[in-house]
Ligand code: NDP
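Given next, in structure tokens, is a single chain: the form predicted on its own.
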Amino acid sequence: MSDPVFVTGASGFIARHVLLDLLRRGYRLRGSVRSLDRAEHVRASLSRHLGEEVGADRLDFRQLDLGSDAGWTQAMEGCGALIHMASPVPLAQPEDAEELIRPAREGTLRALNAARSSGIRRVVLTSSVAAISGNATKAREIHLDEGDWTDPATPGLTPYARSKTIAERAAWEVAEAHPELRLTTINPSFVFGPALDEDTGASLEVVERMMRGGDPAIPRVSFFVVDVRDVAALHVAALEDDRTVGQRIIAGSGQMWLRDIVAVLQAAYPHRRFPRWPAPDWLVRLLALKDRPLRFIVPQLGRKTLFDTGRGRALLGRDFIPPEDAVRAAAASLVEHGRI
């Protein structure tokens, strides 16, 4: 593709890996950031990993806001494709769900409508398995695939899951109304793997929290894990393969209970202090009243959610990176960048 690829949310944890992969494949890129102060930080980080300077001729930036119409169409003019990744990912769930839903949905609509207006026809959207797996169920183990959808009206659904579901639904509605817009969505599970620099955002908070050793016990919660490098590779593969148009693609490697994650970390860092004992569900619910990040996991206590990842493996042409390796890589990068 001779025209630049436009990547929104270019300073994000996953987005920087996508930029890195695209640069390695020779693409010219244009990225959006909320503040141009972030642009040189991103450029410097990518240059370190590429081993060469990334100039403005290969990657330039535009300042855009998910909550404002200003500049979107002009920013995308001359680009050949859009990878829309910008969406709020909070460290703690807000009391008002609209704090996440509004920018996620409106930002998605702004990005896709700007793409149409500027002549872009190929779009890859970053969604989440939260848009697949959020429905209420009493089952302790459930199996899901890309045909499943979260009902945003589900009682107790987290604001994050509602925002991702509503935003992805909005994207498919636009694509249905405008068939010239060829859409693929990537739906990552819980993303671990290496951070490119000290800015890890919310993605590695679970690993960081366990390695800090401040928790007295281990909640009975599980995660379907994926390595960020595989998530980035799926975005690039989907962009380059028109057979993925109209598809949702789950990015996921395997399920791990939090106790398994702690065991991997303990083996890698035997001199660090980790929580050792299982936390009763009632205690986690009690602590979550004051510990807002814990509220994210309360609905998942004791629940095991498994995803069919055959479509993603077929697109990559290989297996996903094992979840244990993703955990170890996340921890190593946190240590390397001085986060713990």
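For every residue, the number given is its place in the sequence shown, counted from 1. Note that the coordinates shown come from a computational prediction; the quantities given were computed from them, not determined experimentally.
The same protein also exists as the form predicted together with this ligand; that form is not shown, yet it is the one meant from here on.
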Worksheet item: Mind checking whether each of R34, T126 and P188 has a heavy atom within 4.5 Å of this ligand in the predicted complex?
Response: yes
Discussion item. Based on heavy atom distances of 4.5 Å or less, which listed stretch (73 to 81, 112 to 120, 143 to 151, 200 to 208) is in contact with this ligand in the predicted complex?
Written reply: 200 to 208
Worksheet item: If you check in the predicted complex, is G9 within 4.5 Å of this ligand, heavy atoms only?
Response: yes
Item to complete: Determine whether any heavy atom of T158 comes within 4.5 Å of a heavy atom of this ligand in the predicted complex, and answer yes or no.
Response: no
Discussion item. Is M256 part of the interface with this ligand in the predicted complex - any heavy atom within 4.5 Å?
Written reply: no
Fill in: Contact test in the predicted complex: L239 vs this ligand, heavy atoms, 4.5 Å
no
Discussion item. Can you pick out, from S133, T184, T165, S87, the residue that has a heavy atom within 4.5 Å of this ligand in the predicted complex?
Written reply: S87
Worksheet item: Out of R38, R62, R303, R311, which one falls within 4.5 Å of this ligand in the predicted complex, going by heavy atoms?
Response: R38
